[in-house]
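Just the one chain here, laid out as C-alpha cells, in the form predicted alone.
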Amino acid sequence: MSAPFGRRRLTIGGARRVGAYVVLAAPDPGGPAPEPGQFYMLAAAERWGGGEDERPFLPRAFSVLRATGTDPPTLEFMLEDVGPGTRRLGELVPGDGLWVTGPLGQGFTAPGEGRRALLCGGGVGTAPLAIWQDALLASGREAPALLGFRDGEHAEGAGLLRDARVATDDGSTGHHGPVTDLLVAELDAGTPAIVYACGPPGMLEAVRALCEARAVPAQLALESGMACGFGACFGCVVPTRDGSYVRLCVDGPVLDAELLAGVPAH
C-alpha cells in the first residue's frame, strides 16, 4: 500500500522489552495496512534532537515488525539502542507521541510454484521477517526461520517469530557460529527454496553469495541510512550488477539478489 502524503502523529500504546530490544506499538488510524517488508520513517514527537540547541535529528527508517488488527491497525517496531536517535525512541512510553511516515518502499513477494520459503535474519533484521512469516503462515505455507544474534540477550528477539532456529556469535544460545551455517545446511538439503533475508550487510552478502553459488533465488531487505523515504535525496542508492543504481526507499528495501553483484556496506 502507498503511504498517505506527509507524516502523521500516532500515540504510543505499548512499549515492551524483548532482551536487548524494545518493541513499540502504536495504533495507526490514518494509514493503510503495510505489506511485509515495507518500512516507516519514525521520529519522537517531543525531544527529538541533540546538542544544547536540540538540533533536530533526521527521522529513522524502521521495517514494520507487525501490523495487528484492522480498526485501526496497530503498528509494531523493533529497535535497539545504537545511538541518540534510537535511544530516544526506546525511551517512549504509552501516551507519548510518535511521528510516522509510511508505509514506504517495496516488500517481499510470494514464493514461486514448487519452492518453499526460508527466512534468514540477523539482529534487528528479524523485524520484517516476523510480519512476512505471519503472512506466509496465514496463506497455508510453511515459513521456517533461521536467526542469528550476538549473544543470548539479543537472541531473545527470536521469540518474536514462531519456532525459529537460533545461532549466536558467542554460543550462549543455539548454534555457536553465524546464522549462515544453518542456512548452508538447509540449502544443501536439496528441497527447492527461496530465501528471504534481512540483517547487517556482511550477513546479507554471505547469504547472497551462498544462494548465487547454488542457483537459489533470494530476496534481500537491505539497510541504508535514509533522509526522506520518498526517493528525493538519493541518500540510499546502491549499485546494481548492470552498473546502474537503485534507491532503496522506492525500489527496495527488498531487492532480488540477482540484481546485485554484492551487498554494499552502509
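Sequential numbering from 1, following the sequence displayed. None of these values were measured; they are calculated from a predicted model.
Just so you know, the form predicted together with a small molecule exists too; it's not on screen, but the next bit is about it.
> Looking at E153, E80, E91, D169, which has any heavy atom no more than 4.5 Å from the small molecule in the predicted bound form?
Spelling it out, the residue with a heavy atom inside the cut-off is E80.
> To verify the annotation, which of these, L222, A44, A67, M203, has a non-hydrogen atom within 4.5 Å of the small molecule in the predicted bound form?
Exactly one residue meets the criterion: L222.
> Check P192 for me: does it contact the small molecule in the predicted bound form (non-hydrogen atoms, 4.5 angstroms)?
Heavy-atom contact with the small molecule at 4.5 Å: absent for P192.
> Give a yes or no for R55: in the predicted bound form, does one of its heavy atoms lie within 4.5 Å of a heavy atom belonging to the small molecule?
Contact check for R55: yes, within 4.5 Å of the small molecule in the predicted bound form.
> Applying a 4.5 Å heavy atom distance criterion, does G97 contact the small molecule in the predicted bound form?
The answer is no: G97 has no heavy atom within 4.5 Å of the small molecule.
> Just to confirm, A158 within 4.5 Å of the small molecule in the predicted bound form by heavy atoms?
No, A158 sits far enough from the small molecule in the predicted bound form that none of its heavy atoms falls within 4.5 Å.
> If contact means any heavy atom within 4.5 Å, which of 109-117, 138-146, 170-178, 122-130 contacts the small molecule in the predicted bound form?
Only one stretch qualifies here: 122-130.
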